[in-house]
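Single chain ahead, by itself, as structure tokens, in the form predicted alone.
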């Protein structure tokens, strides 16, 4: 079966979700672009958007319409060539409208799994629930006579377990998009010892056509991305708990301080507690629970997550993309308060921010902001100067940053020594591309 033939009938499970909608958008565009090429004219391309929520699917189609129009506006020159035989399409807006129609015409929104029984390729983007993934993929395979291939978007479940338990020997791999898939360029590719060569080859071609950067990860729970992020998050929670005890301050103040250090001092796009909120406290806890049974030399859990969950504070994002309140309370894209796990209420930032900032100390004059340095050609020199100043500072914030940077490096190096990542460059690429860090965790800045 050729690349084009494989993509003539595709299904996306969890299509209305945050990840599934992006995967569906990218795949719908790829399928439509294939259908417009001269050799494929007249061939039918079907993309089943499968989700349990009919309301979610309705919202999905609205999302697709808007996103496809933006894509079409950026490639009108190419589209004019593809529609050259259409005399009725004169103006650019005619061509754009036709392309939007063609892409949406490929998509079939459905709430029944049976739609996947004719597919050659299935993308799975449901929740990080091993049993659910196994059941869905196994049921499809039993009812599908095409020996379909399965690409799971799991960020934590070992692929070999899904492969074995669903009976998909050689026909499943991990194809982990980063959020949001339509924007993020990174894909973690995870194969097992049984993955068929043609399945991997197709995955690499598909990623290339989508202009994605592939980083291979060995098949270990959490892979590279969550392997680093989850441990980084645990370190942040441990540091906040220890700081509160050491300085005899409320935990919410310590959370603010660690969040500030991990953003401003480590030059990251957001602090570690803000990142946990973005992903979702419930999601972070769930992924840690998935990973924990597979590690022997560490405990991947923290009671602070348990307390937040018991108190009903989960973070995550609304369907609109707006941030839900978690460790931090958000308003207009900024956080304005910190959750107090003891009083079970948010404490306004203005009531304690100055006190905490004074405890941390002044940032050196060489400080650089993430936005200003991320694309600066001299960023390594700027970062080295700033971090060198931190190393010579006696302030609390500087000491916390150096300790955190060294821990982040140790986590990255351990991923390589544990054979999760094949090399440190892979760890750095995942954090640079998937998490938008200004520099990779495995570096010499903090030594």
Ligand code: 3HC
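Residue numbers count along the first chain shown, from 1. Being a predicted model, the structure only gives us computed values, none of them experimental.
In what follows, reference is made to the form predicted in complex with the ligand, a form of this protein that is not presented.
Engineer: Is the ligand in the model of the complex near all of 193, 221 and 286, within 4.5 Å of a heavy atom of each?
Structural biologist: Contact check failed for every one of 193, 221 and 286.
Engineer: For the chain seen here without its partner, which of 245 to 253, 111 to 119, 181 to 189, 163 to 171 has a heavy atom within 4.5 Å of the ligand in the model of the complex?
Structural biologist: It is 181 to 189 that comes within 4.5 Å of the partner.
Engineer: Answer for residue 155 alone: is it within 4.5 Å of the ligand in the model of the complex, judged on heavy atom distances?
Structural biologist: Contact check for residue 155: yes, within 4.5 Å of the ligand in the model of the complex.
Engineer: When the contact criterion is heavy atoms within 4.5 Å, does residue 228 count as touching the ligand in the model of the complex?
Structural biologist: Residue 228: no, not in contact with the ligand in the model of the complex.
Engineer: How about residue 342 - does it come within 4.5 Å of the ligand in the model of the complex, if we only consider non-hydrogen atoms?
Structural biologist: No, residue 342 stays farther than 4.5 Å from the ligand in the model of the complex.
Engineer: Looking at the partner-bound form in the model of the complex, is residue 279 within 4.5 Å of the ligand by any heavy atom?
Structural biologist: Taking the distances in the model of the complex, the answer for residue 279 is yes, it comes within 4.5 Å of the ligand.
Engineer: Which residue, 275, 240, 136, 72, has a heavy atom that falls within 4.5 Å of the ligand in the model of the complex?
Structural biologist: The residue from 275, 240, 136, 72 that makes the contact is 275.
Engineer: Since exactly one of 67, 40, 388, 53 fits, which has a heavy atom within 4.5 Å of the ligand in the model of the complex?
Structural biologist: Flagged contact: 67.
Engineer: Taking the ligand as it sits in the model of the complex, which residues of 359 to 393 have a non-hydrogen atom within 4.5 Å of it? Please list them.
Structural biologist: Contacting residues: 370, 371.
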